[in-house]
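This document opens with one chain alone, in structure tokens, the form predicted on its own.
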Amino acid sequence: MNDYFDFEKSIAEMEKMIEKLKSISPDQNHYNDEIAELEKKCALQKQELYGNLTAWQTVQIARHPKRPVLLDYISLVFSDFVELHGDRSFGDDQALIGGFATIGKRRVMLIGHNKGKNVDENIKRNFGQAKPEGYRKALRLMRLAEKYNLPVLCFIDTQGAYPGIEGEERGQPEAIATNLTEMARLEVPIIALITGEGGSGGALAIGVGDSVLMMSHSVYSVISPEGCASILWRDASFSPQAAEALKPTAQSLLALKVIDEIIPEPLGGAHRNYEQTSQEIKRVLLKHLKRLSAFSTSKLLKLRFEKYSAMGLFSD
């Protein structure tokens, strides 16, 4: 039951009952009809629930503690990963990792946030919240990719950049702003994928892509629902209302033309099936790599400029 949220309670109870019936007599099960009926009912309820998630429910799934992180995708989607360390100025930020990798037959530069899956890992990875040296490391790797004419793949999964005093002392705003400027004119294809949370400037700092993709149960927003609720209502209990107002879901952002494509997740979320999730990610990334690699550098930069210049809805 620990893997389920409150809104999944009825599904959890049915799946628990199915497992119980199967365990009673695994070799010669006398409850096949009951199990089949329960499985059918459970599948229909899942389709109804996950096809009509609220924004706040999507936020919860995007934060699931067992959701795949970058290191999972490195092992399932990529091969020959060679991690590169340090920003050549201050240190090596473990919240944001990167290096050379291969996807299919394409050599790429892979960069992304990496959360942990337990307390010790999250402390080591700073809960996926990069400090300035993390974003400067990312920029160093992007320039290295440009030198060797390699596409850049950015995996985004963070509540935001590290907000503490250390970040301010070492120039967090400047590091993010510099990345935005440099990514806008980087002379190789850039694909950004939001796999979990895409929060504020911490996400944007590696999010300026020629193709911007989102997992179907990920979120992408200027602020977390809790932060928004604390500012507007001075009460974090209004987070569900804030989530609806922010429109952080992949479906909303595709309609607003902020992103280019949604990558479907297994029923219930990416944490339910790592293999299936990874196969979909690999398929879509290879498709976009093929498309973007066909453009000349001048055409690529022109399309990137037009893409971001066209964002936003205006009315008199």
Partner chain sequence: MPWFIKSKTSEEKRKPVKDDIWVKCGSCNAHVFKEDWFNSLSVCPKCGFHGRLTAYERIGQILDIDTFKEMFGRISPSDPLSFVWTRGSYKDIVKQTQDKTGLNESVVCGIGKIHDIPVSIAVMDFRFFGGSLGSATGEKILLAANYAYEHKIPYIIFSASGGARMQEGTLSLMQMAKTCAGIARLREKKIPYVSVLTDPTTGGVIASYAMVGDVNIAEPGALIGFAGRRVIEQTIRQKLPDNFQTSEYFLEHGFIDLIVERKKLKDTLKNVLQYYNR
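Positions refer to the first chain, counted from 1. It should be emphasised that the depicted structure is a prediction, and the values quoted were computed from it without experimental measurement.
Unshown form predicted together with the partner chain; subsequent notes refer to it.
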task: Among 150-158, 96-104, 214-222, 78-86, mark the stretch whose residues have heavy atoms within 4.5 Å of the partner chain in the predicted bound form.
output: 214-222
query: Quick one: is residue 116 in contact with the partner chain in the predicted bound form, heavy atoms, 4.5 Å cut-off?
result: no
task: Determine whether any heavy atom of residue 184 comes within 4.5 Å of a heavy atom of the partner chain in the predicted bound form, and answer yes or no.
output: yes
message: Is residue 137 near the partner chain? Define near as a heavy atom within 4.5 Å, in the predicted bound form.
response: no
- prompt: Would residue 178 sit within 4.5 Å of the partner chain in the predicted bound form, counting heavy atoms only?
  reply: yes
- request: Can you work out whether the partner chain is within 4.5 angstroms of a heavy atom in all three of 162, 208 and 312 in the predicted bound form?
  value: yes
Contact residue in the predicted bound form, from 53, 258, 43, 286 (heavy atom within 4.5 Å of the partner chain): 258
- request: Select from the listed residues 281, 69, 253, 61 the one whose heavy atoms reach within 4.5 Å of the partner chain in the predicted bound form.
  value: 253
task: Residue by residue through 143-174, tell me which have a non-hydrogen atom within 4.5 angstroms of the partner chain in the predicted bound form.
output: 161, 162, 163, 164, 165, 168, 169, 170, 171, 172, 173, 174
